[in-house]
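Listed next as structure tokens is one chain, alone, in the form predicted alone.
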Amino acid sequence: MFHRTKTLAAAFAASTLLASPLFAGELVINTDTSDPAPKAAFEALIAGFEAENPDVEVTWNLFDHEGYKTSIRNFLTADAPDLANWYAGNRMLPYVNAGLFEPVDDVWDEHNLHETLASSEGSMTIDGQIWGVPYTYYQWGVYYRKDIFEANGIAVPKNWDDFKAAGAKLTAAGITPITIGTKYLWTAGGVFDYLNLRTNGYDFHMALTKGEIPWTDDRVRATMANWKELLDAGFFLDNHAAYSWQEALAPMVQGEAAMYVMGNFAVAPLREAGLTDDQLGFFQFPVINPDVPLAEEAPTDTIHIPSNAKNKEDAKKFLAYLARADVQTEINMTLGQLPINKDSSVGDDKFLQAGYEMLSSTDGGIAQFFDRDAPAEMAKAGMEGFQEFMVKPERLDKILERLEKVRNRVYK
């Protein structure tokens, strides 16, 4: 059974004009997976589903990223497909709150997904119900120069004291502990996320990004105090606000910096720049508060059933298929990312293996990243504040007061 693919450049109007008449067994899927690897992964996913379900014909409406972001609320409201891709955590919250996504607890119950997709269940749950199926994520953590650590007698740090001691040895050797480029702000968001997750835990972090906690709260100040310890110890690259994340790779490649708090997408350019896997390693961001379960940062892609979908029966079949270990293995081999199903397998890339092991065993929750978990205006103000704090930590009170004003405006 072939499937029909409609490439929609941007407009909701186009999807309406191109929509075919509904017939029994038609399953309409809208996605923004237009980049080469995601497009190939979805082509194979849909072909595999149709091969196992010959009575279902899939119509796939393929949008570009920007067109999708501007169209999704319209098509969920006026001309809903049967399935739509999106993101976990607070990014799905507006559509859940607006009644535009369907809860799918029955799919999770019937197919044992509470066990196989356990690492992402928290990020798929709002108000005690589950709102979709996750199919891929990738880890964040600390990438580091193994050879520099070994040359300076530094073991992989497991806790905050170890981490600060490692930094002290590095600075004594004339090496910057952490490279970072905050020119485009989001890298500072990643550092804040980990410090806050390790200081206060997942539930606090999500409540903060949902606007339920003041930025002037003492627990936020505790996170910033931990960050200031690193700033005072000279942990971060000088003039980081002048560098993009890619430009900040150079000091690590050249041996002038030893660590980078970053997502797994940094591995490819580090390898291309000449670092070998013998030189490059990865470790979990260390424990700060031993009473706080270890949450991780792993942006997660998801598929949802719109509340207004016409063919929910086949949509649930598709979600169950998508959740399977073999299917997630195949998708993520194409994507070069990590399957969420704990029974899936990953390739022999050591960083994917390390990330899969870390994320599959986490019990502290999975955050999506500051600019996904917080609304756009709050995310922008927050990341501007983080960058400013890294340059001028003495401005902390003014920064937090400014963020609190933004919170009061954004979450009315």
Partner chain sequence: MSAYWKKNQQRLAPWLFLAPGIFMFLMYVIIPIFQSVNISFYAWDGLGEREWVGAGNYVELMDDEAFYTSLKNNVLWLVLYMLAIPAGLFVALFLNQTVRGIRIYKSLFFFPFVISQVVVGLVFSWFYDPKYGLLNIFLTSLGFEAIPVLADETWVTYGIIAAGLWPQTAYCMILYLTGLNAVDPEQIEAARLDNAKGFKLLWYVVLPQLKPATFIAVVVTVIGALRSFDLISIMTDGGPWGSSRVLAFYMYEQAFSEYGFRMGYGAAIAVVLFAIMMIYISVFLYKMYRDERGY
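Positions refer to the first chain, counted from 1. These numbers were taken from a predicted model, which means no experiment stands behind them. The term rigid core refers to the most C-alpha atoms you can superpose between the two forms while keeping them within 1.5 Å.
If you look for the form predicted in complex with the partner chain, you will not find it shown, but the lines that follow are about it.
Considering the partner chain in the predicted bound form, the lone stretch of 224-232, 237-245, 139-147, 207-215 in range is 237-245 [heavy atom distance within 4.5 Å]. Interface residue among Q129, N152, N159, Q254 relative to the partner chain in the predicted bound form, by the heavy atom within 4.5 Å criterion: Q254. Only one of Q387, S34, T59, S360 comes within 4.5 Å of the partner chain in the predicted bound form through a heavy atom, and that residue is Q387. Of the heavy atoms in L100, some are within 4.5 Å of the partner chain in the predicted bound form.
Among heavy atoms of E26, none comes within 4.5 Å of the partner chain in the predicted bound form.
Proximity of E377 to the partner chain in the predicted bound form falls within the 4.5 Å heavy atom cutoff.
Remark: S345 does not count among the residues lining the partner chain in the predicted bound form, judged by a heavy atom distance of 4.5 Å or less.
For the candidate spot formed by H114, Q284 and K317, no residue has a non-hydrogen atom within 4.5 angstroms of the partner chain in the predicted bound form. Residues of 385-412 lying near the partner chain in the predicted bound form, listed in sequence order, are Q387, E388, V391, K392, R395, K398, R402, K405, R409, the criterion being any heavy atom within 4.5 Å. Core-aligned CA deviation for N200 between this form and the one not shown: less than 2 Å. Superposition on the rigid core between this form and the one not shown places the CA atom of N264 less than 2 Å from its counterpart. Note on I180 and E66: their C-alpha atoms are nearer in the predicted bound form, a change of at least 3 Å from this conformation. In the predicted bound form, the Cα atoms of D363 and L93 sit 3 Å or more farther from each other than they do here.
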